[in-house]
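Let's start with one chain on its own, the form predicted alone, as structure tokens.
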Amino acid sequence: MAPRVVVLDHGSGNLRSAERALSRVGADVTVSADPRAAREADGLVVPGVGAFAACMQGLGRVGAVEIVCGRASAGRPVLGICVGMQVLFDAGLEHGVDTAGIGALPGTVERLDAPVLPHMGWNTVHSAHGSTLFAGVEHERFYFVHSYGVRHWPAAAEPRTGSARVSWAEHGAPFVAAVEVGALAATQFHPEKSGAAGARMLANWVGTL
């Protein structure tokens, strides 16, 4: 039986492209804002585009903060994409506004240190050793579109990230491109827009469900 995946509809994100991409790699996909569906799915995808604060507001409206935290603490798979990754961190600092995030990952989302923004287009990723997401696509390029990201990762002693696999990319300076901690996974880039490499990555994630 195909694993059941819910793409969370919180008013921000490439919902249909994510739905199609996940369906093509074998998932039984539903786009939904229903909290029960989000809690009970084999895998939950949190997409996001635009501003950190607006994404957090949308998540709040559908009660997703508690759902994501509950799934992560219970070891039930969650995949964050783009701003859907960013909101998993402690906070986002955009345009002088400091907004609290979900707090499932430690760190602050801030403006990239680069002469040209947004960072838009294909880029390589230095994948973490032993990464499940990047298995078979360790040397491929992925599609990014963002001006903000996590530029600093805390010490390994941080309780939430002792076993984290952190992958990096560079645009002006290094930033976190992907994170895998237990059942929680996230990518700053868009796997659903990254061609065959992105499809392989999504298939890797679906294979863990």
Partner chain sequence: MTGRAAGPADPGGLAVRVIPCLDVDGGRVVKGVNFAGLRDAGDPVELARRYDAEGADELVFLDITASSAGRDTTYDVVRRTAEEVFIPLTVGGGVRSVDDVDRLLRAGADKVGVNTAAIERPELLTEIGDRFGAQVLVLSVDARRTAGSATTGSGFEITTHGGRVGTGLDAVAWARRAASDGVGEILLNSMDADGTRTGFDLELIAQVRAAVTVPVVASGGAGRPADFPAAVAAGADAVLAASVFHFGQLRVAEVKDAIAGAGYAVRR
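Numbering follows the first chain given and starts at 1. What you see is a predicted model; the values in this text were computed from it and never measured.
The following text describes the form predicted together with its partner chain, which does not appear among the structures shown.
Counting only non-hydrogen atoms and a 4.5 Å threshold, tell me whether Pro115, Thr124 and Ser194 all contact its partner chain in the model of the complex. Yes, each of Pro115, Thr124 and Ser194 comes within 4.5 Å of its partner chain in the model of the complex.
Candidate stretches 176 to 184, 32 to 40, 60 to 68, 45 to 53, one within 4.5 Å of its partner chain in the model of the complex by heavy atom: Contact criterion met by 45 to 53 only.
Taking its partner chain as it sits in the model of the complex, is Tyr143 near enough to touch it, meaning that at least one heavy atom pair lies within 4.5 angstroms? Yes, contact at 4.5 Å.
Quick check on Arg76: any heavy atom within 4.5 Å of its partner chain in the model of the complex? Contact with its partner chain, no.
Given that the partner is absent here, does Ala135 sit within 4.5 Å of its partner chain in the model of the complex, heavy atoms only? Answer no; every heavy atom of Ala135 is more than 4.5 Å from its partner chain in the model of the complex.
Met120 near its partner chain in the model of the complex, any heavy atom under 4.5 Å? Although its partner chain is absent here, Met120 would touch it in the model of the complex, with heavy atoms inside 4.5 Å.
Is any part of 163 to 188 within 4.5 angstroms of its partner chain in the model of the complex by a non-hydrogen atom, and which residues would that be? Contacts from 163 to 188: just His171.
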